[in-house]
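Here's a solo chain for you in structure tokens, the form predicted alone.
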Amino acid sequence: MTYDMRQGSSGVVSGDSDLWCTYAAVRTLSWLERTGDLPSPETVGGFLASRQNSDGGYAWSAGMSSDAWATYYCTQAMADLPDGSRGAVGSPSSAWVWGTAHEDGGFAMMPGQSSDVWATYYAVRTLVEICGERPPEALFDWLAALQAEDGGLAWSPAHAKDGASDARACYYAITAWSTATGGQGPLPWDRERLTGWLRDRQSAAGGFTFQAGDGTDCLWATFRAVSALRRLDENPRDAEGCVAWIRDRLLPGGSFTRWPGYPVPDVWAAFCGVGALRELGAGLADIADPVVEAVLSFRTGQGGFTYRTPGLASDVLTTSAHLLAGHFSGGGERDALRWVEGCVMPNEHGVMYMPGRGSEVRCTLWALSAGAFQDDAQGRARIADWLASSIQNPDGGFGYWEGRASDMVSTSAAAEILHRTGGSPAAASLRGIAAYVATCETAPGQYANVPGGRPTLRATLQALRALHRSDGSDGSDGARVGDVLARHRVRGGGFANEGNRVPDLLSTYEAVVAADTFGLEWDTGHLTKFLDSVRTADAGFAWTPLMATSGGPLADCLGRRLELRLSPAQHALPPLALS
């Protein structure tokens, strides 16, 4: 694969700050002892503080549910900022984190979800390093169960039984143990087998891969592997070769890039490069100035950071939204699709939200719906294989990306992708989806996003569509769709996710997609009333009638697609999902 289109960008830029990028930027500056170079650290603190919800946790975006990952990123980044520019961090966040704890000793990304090692790592670091508390003793039994037969550590005890070891899972588990014990407690794994598995991920070139069988070394895997070894007081087999490989990723006068042949420095590469050299005890003084200069150039006007120079920081969801709304013409559409198709990491085959980040199920569905890989049968087959062989969880469901516990949004999106891409791997995976969907049923015909959660319109419709795609339907799902639509139908137009009082664009879009999927008739006048209530003065669309301004490119895309569904041509709605 070539990455020439990455130098510039043929995608669409949202201009928004990203929490993942902001955390990476602040952490990198902190490791270099250069947070004092931030021109206005208080605006960074303001951006981070804006992600806190009333429940004490933090979310990726304003209005989303709290999760353990966002809570750690926000609280750690604020702690790294200079005095006087930090937001308030304290017991409300601690109480929210404890609400994600499981009796088995692990933690979930949000209350009700299954435990996984990503969430456990973030929860333990937040409790110990930010809140000064101790995790439960049961944590160590849960961590011990992560060791797979090959000696590596997996995403969860169930994944370990399947032998799904990964360098990231090793780092998260070892760091959780080290954080909880100060690195002094009994090691809950066979040290020799674990160290051997990690060291075997290093190639002759000096870099590391995430998993056995991966073909391309990457800086992310290298950082996680050397950090995990460091916490065990161990080193790579070839530490000097590793340092040389990392430094080869540094561009003259710029920052780090992610893997050989990839040309664009980004914030996660800076984070991984600096972090790995620091763990290896290599000097940083000679590279600090260009790295700091590059990272500071990634600031946005909102106070946070994006992954590269803001004017070129395209992302897949925004670009797909513009494609689906018909905003491109001629060669622009072709170039945008090629840009989206290039957002794939060397050892994964789903589409990323932004280049260099892990492949995500929802982003892959948006990309395919926008036309990506339409003429590339091999590309679609690789996506189906990625879903079937790499990221489907032992419970049959899917999370946002590899190793994250299952949720209904991702599972429904995966079912649509597998239905679209087809093939024998897809068929096998579709059969497993019904088992996860059943765990989210709260009452006959009502479903939540995660087991034990509250039933909502969107989760119920996503569950019924996933069952329909997986052939797990009992033949009465059309009637069930009709029943739930009737319960959430708002008299003045549109559908509400909870109850039937305040409609919203996402729920109304999901309602029409589900009705079309099951061949149900629906009231065009009712939809027209709703669209009139959310259409904004600049021809965009708000998320709800209570908002006066456009919800951004994604809301505008959903509103435009509903308009096209009402048009004489009755354009079909792509099965898009966000939450």
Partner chain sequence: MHTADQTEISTRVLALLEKRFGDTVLSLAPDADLSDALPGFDSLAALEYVTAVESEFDFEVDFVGDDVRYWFSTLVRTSEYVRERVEDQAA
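Numbering follows the first chain given and starts at 1. Everything numeric here is computed off the predicted structure, so don't read it as measured data.
Not on display, but discussed next: the form predicted in complex with the partner chain.
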property	result
4.5 Å heavy atom contact, G492 and the partner chain in the model of the complex	yes
Interface membership of P451, the partner chain in the model of the complex, 4.5 Å heavy atom rule	no
Non-hydrogen atom contact R501 with the partner chain in the model of the complex at 4.5 angstroms	yes
In the model of the complex, G552 touching the partner chain (heavy atom, 4.5 Å)	no
Contacting member of T35, T43, S65, T536, with respect to the partner chain in the model of the complex [4.5 Å, heavy atom]	T536
Per-stretch contact check against the partner chain in the model of the complex, the hit in 65 to 73, 543 to 551, 27 to 35, 516 to 524 (non-hydrogen atom, 4.5 angstroms)	543 to 551
